[in-house]
Structures are given as C-alpha cells and as structure tokens.
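Consider the single chain below, provided in structure tokens and representing the form predicted on its own.
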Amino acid sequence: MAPEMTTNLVLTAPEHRVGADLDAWLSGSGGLGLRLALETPSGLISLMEAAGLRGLGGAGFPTFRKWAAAAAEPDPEKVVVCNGNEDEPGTFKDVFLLRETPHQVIEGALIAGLAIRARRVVLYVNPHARGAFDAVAKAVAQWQEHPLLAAVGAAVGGPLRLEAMRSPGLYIGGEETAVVSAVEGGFPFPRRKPPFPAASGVGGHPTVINNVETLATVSHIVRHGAAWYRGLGRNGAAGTKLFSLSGDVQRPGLYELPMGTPLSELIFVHGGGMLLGKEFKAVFTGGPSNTLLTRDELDVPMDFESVRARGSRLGTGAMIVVSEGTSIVRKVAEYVNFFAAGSCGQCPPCKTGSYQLAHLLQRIDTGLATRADLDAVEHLCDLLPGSGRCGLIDGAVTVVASSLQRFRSEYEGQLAGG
C-alpha cells in the first residue's frame, strides 16, 4: 500500500524511494548521516537520548538504552540485528520501508553498529513480505564493495560483516530472544530474560535488536539533530510515526504523521472516514494484540504515553477500524486463532491456553456456547497472563479482556439461549 502524502514526511519522502539502487540513494541525501556518524561515533548514543528516539516496532523502549547497554560490554564481537519479521495482522509499515527504501534502513543499521562498535550487522527479513527480502539482499550486495562500508569496518575494528537473512516467517520469530535463536540457526524459541540480548545475544555476544522503522529514523536524526526530531511531534511527543490504517475506512494505507496526532485525524481526515453507509464502532490499536478503543476515545493522541493512559498501547502503529454491524466476537475469535496457531509450543500454558481461548471463542461466535463457556473465557483471562516466555499469550488475553469489557453484551447475546 502506498502512503498518502502528508506533512512532516521523513521516512516515506518520495526522494527516498529508490529501491535497491545505492547510487541513487547516495546521489541525494543518502549517506550523509553515516558520514557524519563516522566523524563523531562517540556521540551517537547521547544524540539518540536527546532526540527521544524509541523502539517503533511495538515496545517503545528508549533506543539509547539498548545501545548503551551493548556498548558497555567488553566483548569485541558485537552484533546489530534489524528486525524485519513483521507478521502481525494489520501491520505493513516495515515491508514498505524494506522494499522501497532499503538503503535508508541499512544506513541506520550501520550507524547503530558504529555506536556500539559492532562487527556484524544482520538484516532479518520475513520471507513472506512481498519483494522486501529481494530488495534488501540486492541492497546489501551493493554495499559490500562500497568505501563507506570499509570505513565503518575500520572504525569498529572490523572487518564488518553485513548480511541479509530470511527470518523463519513465523509470528513468534519477531520476539527479540526468538530473533537471537533464529539468527544462530535454530528454531525461534523465545528465551527467558535476563540475560537480555544487549548483554548476551547472538552467539553469546552483545546484540542490539531494533525494528526497521527505528533504524530508518537514525540517519535523519544524525543529519538534522535531536531538536529537529523532537520538533516533528505534537504535544511533547518526539518524531513521526508510520501508521498502518486498515479496516472499514475509505482510504486504508500507510501514513506517516507526527507522533501525537489524534486518532480521529488519522481515521477521518487522512483515512477519509468510514466506508459509505458505515458508522464507526471501534478500533484495534497497535495491532490485534492490544486494547480496543471506542468512539469516546477517538480524541487520544497517538503517542506511547497518551495511548497507554487510555489503557491501550501504541504498538506497531497498526490501526484496524471496525464499523457498526461488524461482530466484535468474530474479529476477536479470528485474531486469537492467529495467536494460537503462532504459539511455538515451548510453554504449555501458552500453547494449551491460546488453543482453549480460540476454541471457546469459536463456540461463542457460532452460537453454540453456554454461560459456562463465557465464564471459562474470563477464567482463562485471569489465569494465563505472564505464563509464557514471551508476550504472545498476554497479547491474546489483552484483546479478549478488552473486548469483554467494552462489548460484553455482544458476547452474552450470542450464547445459546442468550
């Protein structure tokens, strides 16, 4: 999906969409951030702190903290992984960046490598993302003989190994410790933390794992400064954010907007409002593993703190809009079924719990459930959180519990005899 033209374009500006053409990238503003970073690599972590850059793949963790933790480790064999596994329903921002502007992402990853003195940089890409892996692999190949890559290697005590690899293409493969397992060549089983990857990641070496969008932002901050980046946001929020808008709106697509833009503006201005004849009902914020927001909450600014204050999370920035007449029970059942199918099976409470939730929701959706089935769903929502090594089961429970809180009457109305 192509992004709409909006203000404050940084990541999706037309001049950045050169595909896997390194010469075209470097003929414009590309490469300038990396060249500046090579001049003052010791100031990169403090620059990211001053800019307020946070992880844009879902968690919103301050980027500088990951970098600082890895940089402080004495091990000379450090790793940067660009996490492009993007596999959650409704999220399609990373595939755009990887396919249309891979050099922007690679440049940011190389700057991260400079910041922590990494000797290996891995672009970890979902093979199911249409055209993304091929674009990244072609772009990486073009960097291999370029003097800039050699200069980064010299700065980190190289030689620097830059590579593209296919992720397992599984939802769980995007969790950061599962990324470590996959890059090592194993199945993407999440691991318990601590140790965190920044202390012991790929091969036991300090590893920084950042999302595609996060790394794509880095070179712009280096070029323009922390104050510029902070000034792009609204109401104290820093920077811009890519929002994947889908569902019952007239103009679904990818939108780059100032962080802190009201949710109503995304849906009713940039997204063109609801489909003709449809009325707004709810929106799954940050993807289907987060809390539903309703009409009364459309004024929420889309930034990490504001969305959290409404009991939800910004997540990946995916906003899935549903209209009146759409069954919330059915939508939730579909998403929980996705999570159940994506469970790696390592943690029995997650594997069996997600399956049972999916089964019970299917019974409710088809009108076969009793009050005892709904009670069982609520019991599982109390029992399951925190029972897995990663957040998969927590995400599944969150969307179920949120839908029960806001649309309980729909559940009760579909019970047998309800």
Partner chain sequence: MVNLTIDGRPASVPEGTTIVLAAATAGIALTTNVGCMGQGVCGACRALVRRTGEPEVRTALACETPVEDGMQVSFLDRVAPRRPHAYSETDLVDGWTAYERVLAVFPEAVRCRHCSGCDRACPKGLEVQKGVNLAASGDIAGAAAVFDLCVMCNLCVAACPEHIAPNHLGLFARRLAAAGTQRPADLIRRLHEITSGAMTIDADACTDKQP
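Here the rigid core means the biggest group of C-alpha atoms that line up within 1.5 Å when the two forms are laid on top of each other. Numbering follows the first chain given and starts at 1. Given the structure is predicted, the values throughout are model-derived calculations rather than measurements.
The following text describes the form predicted together with the partner chain, which does not appear among the structures shown.
When you look in the model of the complex, the only residue of Leu263, Leu254, Ala238, Cys344 with a non-hydrogen atom within 4.5 Å of the partner chain is Cys344. Proximity to the partner chain in the model of the complex, defined as a heavy atom within 4.5 Å, holds among Phe187, Phe338, Trp228, Phe268 only for Phe187. Stretch 381 to 389 is the contacting one of 381 to 389, 42 to 50, 63 to 71, 27 to 35, since its residues have non-hydrogen atoms within 4.5 Å of the partner chain in the model of the complex. In the model of the complex, at least one heavy atom of Arg363 sits within 4.5 Å of the partner chain. Residue contact with the partner chain in the model of the complex: Ala59 places no heavy atom within 4.5 Å of it. When contacts are judged by a 4.5 Å heavy atom cut-off, Pro348 counts as touching the partner chain in the model of the complex. Taking the partner from the other structure, the partner chain in the model of the complex has a heavy atom within 4.5 Å of a heavy atom of Gly353. Using a 4.5 angstroms heavy atom cutoff to the partner chain in the model of the complex, all of His359, Ala372 and Ala376 count as contacting.
After superposition on the rigid core, the Cα atom of Ala37 is displaced by less than 2 Å between the shown form and the other one. Core-superposed comparison between the shown form and the other one: the CA of Ile364 exceeds or equals a 2 Å shift.
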